[in-house]
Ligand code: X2X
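Before any questions on how it binds or moves, here is one chain, the form predicted on its own, in structure tokens.
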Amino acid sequence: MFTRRTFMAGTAAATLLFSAASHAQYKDEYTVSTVLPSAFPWGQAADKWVELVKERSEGRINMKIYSNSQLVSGDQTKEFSAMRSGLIDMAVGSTINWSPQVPELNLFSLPFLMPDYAAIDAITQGEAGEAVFAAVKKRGVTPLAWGENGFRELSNSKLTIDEPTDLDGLKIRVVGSPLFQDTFTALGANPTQMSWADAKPALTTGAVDGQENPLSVFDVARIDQVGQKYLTRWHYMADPLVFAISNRVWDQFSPEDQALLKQAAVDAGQWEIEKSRSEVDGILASIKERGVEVTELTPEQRDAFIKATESVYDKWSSRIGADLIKQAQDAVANRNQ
């Protein structure tokens, strides 16, 4: 005789069978792409995510990190496309590197938008951050959490830089983003696009005069050893990291495991952000001890750089989205309220 109890038992059994079948379809190992390895906060963020997922899934979900963009033959700008197509399962990636495929990510590269950590948090944790994540999801990749690559500071081998005219004619290595070209052109510099693999040799030979990167990269990569003796902390932009997974792969996980992956990413991201920020003072002291001259801009000096790059906002507003930029600017203005 068929009873409600029989039905419920059958349903529970079917659910268990479905769950087991779903888990059986999981890969033995998922690829995770990063640009920087474990010596850098970026790589450490990915390490923590992998560790937490393995621990919380009791070994059911295994992830393997491939650093130095090796899954895309070293071309970090192709990482997002590879993840969208399913060639890469997951990544802890840069807003800069993914901006060619997701124009809204250029928001974080707008010059002098975020003056401090509170400004970064106000954007990423607010409506602007939600809008950016929606744009990423729409283009085939599911964003799970934010991490941090830090404020990008300027170094060079020629002179102290504390006003826009100091950049006149300097050859500055920049990443492969048109917005970076426009920013440094507006400041009178000669921006030179090249991969990081090519950058250090170019700095060594003097083919380029300077570069911009977070302090952690300057420190670990020992950029001071290739003639970069002048460092300006101008906080002209920050590069949040994004923990993400291909939509194709995401849809293969059960709702419970999706929640597990997301929470592990959130926890790993928060851990890495706190760790990165707490280490800045120590890194800065180490850089100074190695003989690098560090210049801290006054508010008035920073204002001069802001004014010099106003044209970049005019040009990029339609590409990024005027409403999104306004959301971000409002979040920054109201960050301490």
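Computed from a predicted model, the values in this text were never measured in an experiment. In this text, residue numbers run from 1 along the sequence as written.
A second form of this protein, the form predicted together with the named molecule, is not displayed here; the remarks below concern that form.
- At a distance of at most 4.5 angstroms from the named molecule in the predicted complex, all three residues 36, 96 and 175 contribute at least one non-hydrogen atom.
- This chain lacks the partner; the member of 106, 76, 228, 142 within 4.5 angstroms of the named molecule in the predicted complex by a non-hydrogen atom is 76.
- Only one of the listed residues (250, 117, 196, 112) places a non-hydrogen atom within 4.5 angstroms of the named molecule in the predicted complex, and that residue is 196.
- Though the partner is left out of this view, residue 42 does reach within 4.5 Å of the named molecule in the predicted complex, counting heavy atoms only.
- Not displayed here, the named molecule is approached by residue 239 to within 4.5 Å at the level of heavy atoms in the predicted complex.
- Shown alone here, residue 216 lies farther than 4.5 Å from the named molecule in the predicted complex, counting heavy atoms only.
- Among residues of the shown chain, residue 183 is not one whose heavy atoms approach the named molecule to within 4.5 Å in the predicted complex.
- With the named molecule left out of view, the stretch that reaches within 4.5 Å of it through heavy atoms in the predicted complex is, among 259-267, 167-175, 119-127, 201-209, 167-175.
- Residues of 134-160 that come within 4.5 Å of the named molecule in the predicted complex, judged by any heavy atom, are 149, 152 in sequence order.
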